[in-house]
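One chain follows as structure tokens, the form predicted on its own.
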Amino acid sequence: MQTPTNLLSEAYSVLDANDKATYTQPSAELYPHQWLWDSCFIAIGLRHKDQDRAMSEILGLFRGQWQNGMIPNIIFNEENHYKTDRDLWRSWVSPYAPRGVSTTGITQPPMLAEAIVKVGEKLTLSDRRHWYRQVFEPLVKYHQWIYTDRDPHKEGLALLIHPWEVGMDNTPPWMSELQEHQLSWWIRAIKLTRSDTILTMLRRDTHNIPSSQRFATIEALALFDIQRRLRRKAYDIERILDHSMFAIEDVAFNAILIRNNDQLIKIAKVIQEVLPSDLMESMDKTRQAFEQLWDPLSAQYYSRDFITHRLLKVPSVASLLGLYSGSIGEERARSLVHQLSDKHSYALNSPIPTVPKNSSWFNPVNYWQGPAWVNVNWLIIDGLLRYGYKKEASKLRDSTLSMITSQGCFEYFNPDDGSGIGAPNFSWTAALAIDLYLNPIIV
């Protein structure tokens, strides 16, 4: 086991090793590109050592911003051997895609404003204002795109069109919906002939990681099939919604959106800018609409089908991110906090499983279907502090740091025994370990 001081040294070493000059790759072997919410979490850790590098991490994301305001979930490494990745998405089929930069055609949880404010906290007031002015226009444009493109009915909740936009790729609520949709004929043929076992051996993400720790190959093929359909429609939301397999108002995404809307308002106040009135109205509507995701019978928040407004009553850690939003009432916050102490739900040996223990979906080693992820813990710690639960926040912070100290900066962790699994030397684990370590909670 490492000492806390050694943990800090190792975490900085992980970030240094994954530094690609203009961005930080999440993991050298598995994730060579720049991811949206990864870079946001990474910047939050980098700010403690090098504010200029933290700022350049965020500015690298704006390099991939589309003309309509979208910031994609991935900006691709332009080296020749990643041509297949770029060609798979062909972002250039959209007239809005940036020229000279290859990206995906979808987004990811909007953590940008949070990261920008966190970096700003480390700057002098003068430098902070300069920083905020530098990013203000593209940041506003991104939030405007969310409401223009992803809230077509002006109901307040943003919809997502692919599980990869959630950031929790194989989270049960989405996978449950996937199973209810008819798979393409060629995927059904692969499943029927069991040739998916051969394809599993060809997957890049299972070369150095056991396949039991990743989503099933049939699920992976289905997700790529959906992506192919989005590409065929040139990532045009009107064409996509005309006949979409997925259109879900995700609870985690909207909780993060609410918090980052508040951070955008804070940025505007510091530099004395006025946000567009229609954007302010949309932000307020999101806070109100979020409560439509609450189910009083189970006392949880759930994602919702965009078309039917049917709640997707499959429990996951996304429900707890209502705390991070800061918009929920004290009674509902108390209900969510209670679940954290339930040994049949989220109170396991190592915090916090992404699926409660009593769910039929729970698998302690399978990606987003059970393992503990440090970024989720960080978000919940922030939420607990916002509602005054300092004791609970401190306990979660300490146990998260203990888990990383014991195992290292892994991608995710087994909540039953705390063992590190997934990719080693994972950047956001390192970055958030730094942030948690340097921000002790006084109870």
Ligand code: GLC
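Keep in mind it's a predicted model, so treat the numbers as computed, not measured. Each residue number is its position in the shown sequence, starting from 1.
Only in words, not in the display: the form predicted together with alpha-D-glucopyranose, which the text now covers.
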| item | value |
| --- | --- |
| Partner contact for residue 167 in the predicted complex: alpha-D-glucopyranose, 4.5 angstroms, heavy atom | yes |
| Residue 23: touches alpha-D-glucopyranose in the predicted complex, heavy atom cutoff 4.5 angstroms | no |
| Contact label in the predicted complex: residue 35 to alpha-D-glucopyranose, heavy atom within 4.5 Å | yes |
| Partner contact for residue 108 in the predicted complex: alpha-D-glucopyranose, 4.5 angstroms, heavy atom | yes |
| Stretch from 261-269, 128-136, 307-315, 363-371 whose residues place a heavy atom within 4.5 Å of alpha-D-glucopyranose in the predicted complex | 363-371 |
| Heavy atom contacts to alpha-D-glucopyranose in the predicted complex at 4.5 Å, residues of 419-434 in sequence order | 426, 428 |
